[in-house]
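Just one chain follows, in the form predicted on its own, and it is written as structure tokens.
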């Protein structure tokens, strides 16, 4: 028996002893994902393992129809814009209360957005960086599209923008922008979202317990404004190895296991107790190159790296037919792609010539960091990283493979500590802006050591252009510029493989990643 499978079986036995067999526990939904949360303070989160449980506790103003990218009312029942789309008014759901009994209203909305937007907000929390807010709006106070939030009355809030943004409701639907209880945040802003405090929202489940290294437990909110959850309890397990997650599912100690190894698809199909679930892939996995580390500041070196890697062979080996090599960052199912881009070909001889031209005829040494958890876009990070390292070694680029704790990894890459690293993206809202502004907007100097005013200008113009065709043309230009300079290497798109126990009903994985309405799920 493989070691990872043995570990998974042992974990499954522990969970059976703790909660009973999944198939016999009709009131508890056990959800196996690749890691536990880093935080439940959603705007401070950067990963699906944090955002998925947070999404059950706290809610956004605008949501999505289950299993789709179609916008739907959530804590706001409707919204409207002025003629120039510079002022947006949201009408809030009345009579909703947070889990601590305090009222949800326009003041609560303003508190949350002000806290996220203002680095000097008194209840921001010590050392907190709301990266999710920055991804969506492009910076903080005075540096983004959000100028002012006005409380019109108890259930009406108005957003004043610095420029026209016709897709603002989609931005507000981003999973980071979940409304927290102001009272709970003010009670302990430094520890809000941690295992000791959890989070407090209006969602279908309440935070109950977070056992570090083991599980997060949520309890049904019987006072929920919408459809009540079909289970009393949700238990999130963090299990890094896909084979171990599958072993736990097969042993009956979990109802849902996500982001499984594509190679296990036939195994799941043959198991009469399991149902495979393929999620529509709007994701992108990429290899990032930080230009603050020499010799990666040389575009010839970056192009040589891209030419040295046989993406097609790696995808064929590790994605089991469920993925495809990426030639640009916006996936094929999304508009805003460029028809002019032809992917950089696998050409090791050409890579060696470029390295020699750049002054590195014998190659060079650097670090390549890989993710410690599997994600939809990289189902097997370490083996994929090892394959990439092997291809790079063939042209003389000798990389030291490294990794670290997931939470630290997500902080360190933004501080420019990694010369090369693996990461990816599942979109927060269905618009090219969420890919390209996120990667190449205000955070690009930190994440990539790349500060290109031309690209920044194109992105701002694309955000504010009133016509979709004009926006699409601008986004195509962004991707062409990224491709030309090899600012980052798009690697693969994937249709993630998940599985459920037989009899699990109502589970609709979101094309956007972690926006799953688990209150709809029933278990046998």
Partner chain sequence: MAVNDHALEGVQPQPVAGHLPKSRSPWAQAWRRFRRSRSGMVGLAMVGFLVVMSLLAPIIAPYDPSTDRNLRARLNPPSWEHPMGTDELGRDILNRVWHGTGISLRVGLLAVSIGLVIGSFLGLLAGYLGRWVDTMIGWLTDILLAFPSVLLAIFIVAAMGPGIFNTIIAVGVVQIPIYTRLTRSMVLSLREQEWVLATQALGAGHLRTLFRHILPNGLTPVIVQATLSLGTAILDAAALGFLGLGAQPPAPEWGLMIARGFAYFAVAPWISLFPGLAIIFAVVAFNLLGDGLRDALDPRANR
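This is a predicted model, so every value here is computed, not measured. Only the largest set of C-alpha atoms that superpose within 1.5 Å between the two forms is called the rigid core. Residue numbers count along the first chain shown, from 1.
Below, we turn to the form predicted together with its partner chain, even though it does not appear here.
Contact annotation: residue 362 falls outside 4.5 Å of its partner chain in the predicted complex, judged by heavy atom distances. In the predicted complex, none of the heavy atoms of residue 94 sits within 4.5 Å of a heavy atom of its partner chain. Interface residue remark: residue 383 is counted as part of the site for its partner chain in the predicted complex, having a heavy atom within 4.5 Å. Among heavy atoms of residue 370, some come within 4.5 Å of its partner chain in the predicted complex.
With the partner left out here, its partner chain still marks one of 353 to 361, 162 to 170, 78 to 86, 257 to 265 in the predicted complex; by a 4.5 Å heavy atom cut-off that stretch is 257 to 265.
In summary, among the residues 221, 117, 199, 243, the only one with a non-hydrogen atom within 4.5 Å of its partner chain in the predicted complex is 243. This chain is drawn without its partner chain; in the predicted complex, the residue among 452, 394, 298, 148 with a heavy atom within 4.5 Å of it is 394. Contact check for 317, 389 and 403: all three have a heavy atom within 4.5 Å of its partner chain in the predicted complex. The Cα shift for residue 390 between the shown form and the other one, taken after rigid core superposition, is 2 angstroms or larger.
Relative to the superposed rigid core, residue 310 undergoes a CA displacement of at least 2 Å between the shown form and the other one.
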